Structures are given as C-alpha cells and as structure tokens.
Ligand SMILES: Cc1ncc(COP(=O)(O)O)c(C=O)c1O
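Here's a solo chain for you in structure tokens, the form predicted alone.
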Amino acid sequence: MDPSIHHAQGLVSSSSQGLAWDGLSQRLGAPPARLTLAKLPTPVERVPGLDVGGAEVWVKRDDVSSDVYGGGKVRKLEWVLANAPYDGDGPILSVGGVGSHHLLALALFLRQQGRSLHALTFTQTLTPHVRRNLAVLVSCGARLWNVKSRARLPWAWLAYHVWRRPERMGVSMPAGASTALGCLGFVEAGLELSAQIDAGLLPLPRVVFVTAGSAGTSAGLALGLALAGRSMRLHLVSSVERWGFNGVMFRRMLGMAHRVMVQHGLPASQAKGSAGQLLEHAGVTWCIDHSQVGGGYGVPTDAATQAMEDARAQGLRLETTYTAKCVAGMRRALAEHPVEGPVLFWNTHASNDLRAHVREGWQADCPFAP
C-alpha cells in the first residue's frame, strides 16, 4: 500500500466483517487530507477469558490495524502526516521513552516515505519489550538525543538545538502524535465502533476501557461516540501520573479536536456549543483512573504483568506500559463496581512481529548502553 495515496471520498468498508459505513471525511464539508496507512475497520471479538463477574468482555483489535505497525498510533498518523507542517520531505522531531510506541510507529512510517525521525528520548525500565522497540527504532535510522529521565528532557531539547544540532532540523510533533488532527483518527474510531454495533458485530458496551497518556486517543474516541449519538461511559486508564494526564488536559484536547472539525465543516447541529456540550447531549461520560500507574510511566506492576500473561493465554499480545495496565485497571474497576453485560477493552497495542527490522550491531548506534 502506497502511503502517499490519500483516501478517496466514499464508504469505508471491511470485507472481513462485512461492514460498509460513512467515515469521518463524509461527515465534514471540507475534510482534511488523509493518508492510507491502516486497515480499517479493525475487528471486534468476544474474549470470555477476560470476563470479570457478570461483565462480558469484548476486545477492539487495533493490534491488527496495519501490516507495517498496528496499534492505535497509525490511526493518528494517517491524518497528521498528510497535513502541514508534517507533510514535507524532511525529518520530524518528537519525544518519548526509548521504548515509545509512538516513536516506533513514526520511525517505521517515515521510513516508508524516505524520511527520518529525530527523537528526544528518556531511559525507561528496559523490559524485553522496551529493548525490542529500542532496537527497531535505532535500526530504522532514528537519531536519538537521550537523557536518563523525563525530568531531564529539557536538556535533550537543548542538546538538539544547541550542542548537537543536526544539519537539518526536524519539525516538532507532540508526544503520541496527539494534535487536534491526530485526534480525528480516533473520532473516526468511535464512528467505526458505532457502525459495528449497528451491524450486530457486538452489543452496545456498558463501558469502554482504553488506555490514556497524551489525551489524543481518549479525546478523539469520546468525540466520535458523541457524533454517533452513542450514550456510553469511557473509563480512561492512565499510564502516567496525574501531572502528566488529567481532566484539564483531557478537556483541552476535546476542545482542540472539536474546533478543528468545526473548521473543516462539521454540520451545524454538532458544531454549536462546546465539545463538552456535545458529549453531554449524546450521553457520553468519562472518568480517569490513575490506580495502575504504579512506579511511574513504563514501570511494570504485578497486576499488569499478570494481566499480560492472562491475555496471552487468550491469544492477545499486550505490554506492561499501556495495555496490560489498562486490563488491570478494567479488572479492578469491575471488581469494585460490578457491571452486568458487555464491556469493551480497546487494545491499542501493535501485535506485529518486528524482529526482521532489527539490524545486527544496532547497539553501536544507540546513544547509551542498552
């Protein structure tokens, strides 16, 4: 699939689940450009092995959203990389841990375009999964300006702009590609889920559990469900501390994404008022759960490790930074506040086997001893 080709204006379809539906571009009077990077819609599956009490767990399989690199990041990059200031031919500068899925996705898709990634990184707990991600990141030609902790990221910024300034500077992209346009990837994901419910592929979930960190995924999903008129509760399991993700940040991202849709021709009936009013009118509610942060971003917890092992037994590949903590948060929430009937876990992890991307001797190009 050529990532330079933009979506045609028409129905989005899935032969695997027999679904045809109007995507976000068909709802906007002047939709922004978009690349074709993902295979959408992603499947929904019932996974009884993850049930808690009377709650019947379904899984949204974004882990199979791309043959290059799946997960939730590709949904955002379809919109972000198609529009200014990220649609050029030069490098992009972004930030994250050394095992960041955002940086990894960005490096892989930029390589398809003959472009490169410049990354301000911080060292995190080197689990086997994080080490694998780092190996692929370096093997893809990404250049890292690394520091030992998130608190020291300003030093990486200074090194990039002053001490180790590259010949060609990268265009700066927020962590997680969580821009207003990036949110549109998950606005469409909410519409996609609604279409799958209408098609009878899953019952209406009482609660949707999704991981949260930079707000782009969760805010976009909330807006998409609101546009679809789905009265639903979102349970956002944070992977970072309260200072890193909170209600203020979430509402800000909601407002940014809503404004960009208004600018691109959102129908007047949904453009009036604020993003919060749109959610309230549709009956979309949300809560933020910080119970699974543990020792901090990227630090495994016992609950997440157990959730990852249990999910593996059900054929799902998770990791302990985001998705396994989300399942652990789901288990705790459902134990404390029982739900009868269907709930949905949105799996934003990528299940691709990336070992073929690892270049022998990659460690020599890593700025620290991995």
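For clarity, every value in this text was computed on a predicted model and none was experimentally measured. Just count from 1 along the sequence shown to find any residue number.
The form predicted in complex with the ligand is left out here; the points below concern that form.
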request  = Heavy atoms, 4.5 Å, the ligand in the predicted complex: which of 271 to 279, 137 to 145, 109 to 117, 213 to 221 makes the cut? Say which one.
outcome  = 213 to 221
task = Look at the candidate spot formed by 235, 292 and 332 and say whether the ligand comes within 4.5 Å of a heavy atom in all three of them in the predicted complex.
result = no
ask   = Does residue 349 reach the ligand in the predicted complex, with heavy atoms at most 4.5 Å apart?
value = yes
query = Hey, in the predicted complex, is residue 63 touching the ligand, heavy atoms inside 4.5 Å?
reply = no
ask   = Does residue 258 make contact with the ligand in the predicted complex, using a 4.5 Å heavy atom cut-off?
value = no
inquiry  = Since only the chain is shown here, I'm wondering whether residue 56 would be in contact with the ligand in the predicted complex (any heavy atom pair within 4.5 Å).
reply    = no
ask   = Heavy atom within 4.5 Å of the ligand in the predicted complex: which residues of 258 to 291 qualify?
value = none
